[in-house]
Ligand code: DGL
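One chain follows as structure tokens, the form predicted alone.
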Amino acid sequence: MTSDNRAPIGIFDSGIGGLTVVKAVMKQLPHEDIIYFGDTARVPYGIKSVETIRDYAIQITNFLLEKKVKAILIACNSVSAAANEQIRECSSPVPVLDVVEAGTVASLKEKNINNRIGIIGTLATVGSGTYEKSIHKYAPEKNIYSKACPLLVPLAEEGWVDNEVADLVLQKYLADFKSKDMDVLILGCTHYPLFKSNIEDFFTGTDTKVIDSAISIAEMTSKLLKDKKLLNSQNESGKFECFVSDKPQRFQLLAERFLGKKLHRLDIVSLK
């Protein structure tokens, strides 16, 4: 592991969704340099096999390690579910944090009156049962209800996050959760926080708290870097480099709108 506190943090996802994690890390750790990789040529991951997701994830991990990152954040729930162990093995000794653990930590901090936790995610994440395993490791008494919402990723990638189509899809997916008196609903995909305000509106009048794991993983990253004495001590704001495997027409526009800043560097990298 690099001992250089000026080294960047590596963050990756299947597409634009991981920028929710980037935004949270920028707010929590404004002096840190960040390298982001979005696998826009091969999104979505959630409908692919475990073996395929692992292959893609290891390729991206190796790319970030070549950039001499001091930590890797898996900003993709499908990758966290399918390839967490493999990434940690090939990254060692560079530390790895993932959004499933972050979502678990955040959900268990909230009031749990009914002991009911809802999870929405991709087919890969929900099918893996990774959230159930993670939550029950700490709180076996929790009742967990999961649902795959495969249409949300392509809607997010198209920028359709605030229109009638998105609202109708969300109503269809979330109807069952509303009747179950969830204490929390975990957004089990980093694309889903792009719909957070719509989802919170849907649960208006209930006690359900919507959990965005991006904030939790940013807090975990801050603690990790402090513990390992790897916090960047520079005075200026950190640099942000963005890499993608293809350049969809809307990626830069959506990324700049979401982050609230210009992308001064957006490079295309072909991974094998």
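Don't overthink the numbering: it's just position in the shown sequence, from 1. These numbers were taken from a predicted model, which means no experiment stands behind them.
Missing here is the form predicted in complex with this ligand; even so, the following discussion is about that form.
- Would A57 count as touching this ligand in the predicted complex under a 4.5 Å heavy atom rule? Flag for A57 set to no.
- Give a yes or no for T104: in the predicted complex, does one of its heavy atoms lie within 4.5 Å of a heavy atom belonging to this ligand? So T104 does not count as contacting this ligand.
- Query: Going by a heavy atom distance of 4.5 Å, is Y45 a contact of this ligand in the predicted complex?
  - Reply: Taking the distances in the predicted complex, the answer for Y45 is yes, it comes within 4.5 Å of this ligand.
- Message: Is T125 part of the interface with this ligand in the predicted complex - any heavy atom within 4.5 Å?
- Response: Yes, T125 sits close enough to this ligand in the predicted complex that at least one of its heavy atoms falls within 4.5 Å.
- Task: Name the single residue among A83, V153, L185, I72 that comes within 4.5 Å of this ligand in the predicted complex, judging by heavy atoms.
- Result: Filtering the options by heavy-atom distance leaves V153.
- Message: Looking at 105 to 113, 190 to 198, 159 to 167, 138 to 146, which stretch has residues with any non-hydrogen atom within 4.5 Å of this ligand in the predicted complex?
- Response: Result of the contact check: 190 to 198.
- Query: What residues of 235 to 272, in sequence order, lie within 4.5 Å of this ligand in the predicted complex by heavy atom?
  - Reply: The stretch 235 to 272, when checked against this ligand in the predicted complex, contributes no residue at the 4.5 Å heavy-atom cut-off.
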